[in-house]
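Heads up, the chain below is alone and in the form predicted alone; it's given as structure tokens.
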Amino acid sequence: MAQHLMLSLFLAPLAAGVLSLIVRRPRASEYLTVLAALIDLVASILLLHVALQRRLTFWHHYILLDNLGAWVILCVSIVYTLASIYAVGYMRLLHEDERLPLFYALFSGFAFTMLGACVMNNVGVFWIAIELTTLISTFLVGFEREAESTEAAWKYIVVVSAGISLALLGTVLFYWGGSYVLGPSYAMTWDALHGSASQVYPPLLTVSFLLVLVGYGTKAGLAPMHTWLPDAHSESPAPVSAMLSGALLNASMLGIARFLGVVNGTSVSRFAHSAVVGFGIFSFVLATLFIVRQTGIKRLMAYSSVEHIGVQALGLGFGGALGVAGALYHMLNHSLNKSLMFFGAGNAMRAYQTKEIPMIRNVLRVSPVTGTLWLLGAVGIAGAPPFALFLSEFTILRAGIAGRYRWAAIAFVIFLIVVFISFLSHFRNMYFVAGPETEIRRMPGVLWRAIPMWLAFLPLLVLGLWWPRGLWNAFMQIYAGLMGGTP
């Protein structure tokens, strides 16, 4: 059964992409993509259930289904589904019907590469899969073919490829270190690295980890390697921005989490956790400062992504049961909340024909339903109760206070307050402050754009009021495997 689910997980987006190119009909491409995303969502839920029962490998041990990878697959599939539905209503507004089959082929290909990365058992092949996500998503970033989006696409591929090159160098050094223990030639699986890490020369292990942290941290958007992210997220079509923020960053953080698990329990474990905490708090603080003075609506969402990827890094760096559980819960909650926020930003940008916050006013009068959902999403993304991000951030804060990183936990609290005030101040201006009269564009397809916002909002509310016991048990299983029980 598990093997069939894995096949459906990969074949659904692959088939949707290929058929979109063959059929070359925009409406057929839309529905094929939505269908593929729904199949992947169902498969990902079932695969998580299987992975929590037992750890499996397939196809000569190149494919690994474990609980951590299955969790990231679920998060990616959720965003893929929401963004696919939203894209039907949003992409029609661009009046690019002739190019839509190509868009949906790339869109499904992007999902395929991210899902593939989550199950790669060979560390080198994992790097290849992450690099493939860059190559495919570059064309999506520049899809609108405006000067700004083309520039953002070039910046994205140059900066991220440079960072990923460092991750490749770190991977090579990990392999070299393992060769002293396992012999000159061995299968470079995650288990092999984990088993040999404690016997590798500590300075070599330290340099290797720093390189992969910076490399995959670049792809994840950790500061100061985040410079590609504000441009790429703000210039992409809204459904692509949701995929970049809610799915791609998670797939990249998976690499950091796995390598952190490799060095955990070794002599460099404490340094590795401190490095992840350092990058996490720096990302959080830097993003907060940019959020305060931001004037572009999608750039505001982009810097919020830098902030929240920093929060995930803090959870992993703090470690312990609370830190890991909070980071994993935050991964899901951020995927839902940021999808909601980019969908709302896309609606506002198309309705007001601008990306500038000062030109967007009286949103509730223009879009009473989706505008309300967007405003509630802003409250959630700012970390306020009763929404899910508050619960995951509070859990990570508890982990920091209980551990040896109290200084980071204190800084976390201070800048959380600044984020809350600044982020909601921008929305107060857009919703309740009078501004210049602008021409409002009435847009068709509102149902396609409203449904995914509801599908993102309702789980955020439920998960903020109720942390399911089953999820906590799943996180404890992941923690046991990833952190080795180290507090």
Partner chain sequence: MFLAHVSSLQASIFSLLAIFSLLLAFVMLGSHWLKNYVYAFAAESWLIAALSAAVAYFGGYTELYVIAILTAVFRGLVLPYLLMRIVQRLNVRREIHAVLQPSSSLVVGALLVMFAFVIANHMNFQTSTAGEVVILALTIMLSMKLLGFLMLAVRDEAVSQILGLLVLENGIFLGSQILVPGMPMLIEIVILFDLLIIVACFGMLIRYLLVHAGTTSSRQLNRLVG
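Source: prediction; values computed, not measured. Numbering follows the first chain given and starts at 1.
Beyond what is shown, the protein has a form predicted together with its partner chain; the following relates to that form.
The listed set 152, 78, 322, 348 contains one residue whose heavy atoms approach its partner chain in the predicted bound form to within 4.5 Å, identified as 152. Contact annotation: of the candidates 175, 282, 271, 390, the single residue with a non-hydrogen atom within 4.5 angstroms of its partner chain in the predicted bound form is 175. No residue of the trio 307, 359 and 462 has any heavy atom within 4.5 Å of its partner chain in the predicted bound form.
Residue heavy atoms within 4.5 Å of its partner chain in the predicted bound form occur in exactly one stretch of 160-168, 260-268, 113-121, 244-252, and that stretch is 160-168. The shortest heavy atom separation between residue 372 and its partner chain in the predicted bound form exceeds 4.5 Å. Though the partner is left out of this view, residue 365 does not reach within 4.5 Å of its partner chain in the predicted bound form, counting heavy atoms only. Heavy atoms of residue 185 reach within 4.5 Å of its partner chain in the predicted bound form, making it an interface residue. Its partner chain in the predicted bound form comes within 4.5 Å of no heavy atom belonging to residue 71.
Taking its partner chain as positioned in the predicted bound form, the residues of 229-261 that bring a heavy atom within 4.5 Å of it are, in sequence order, 231, 235.
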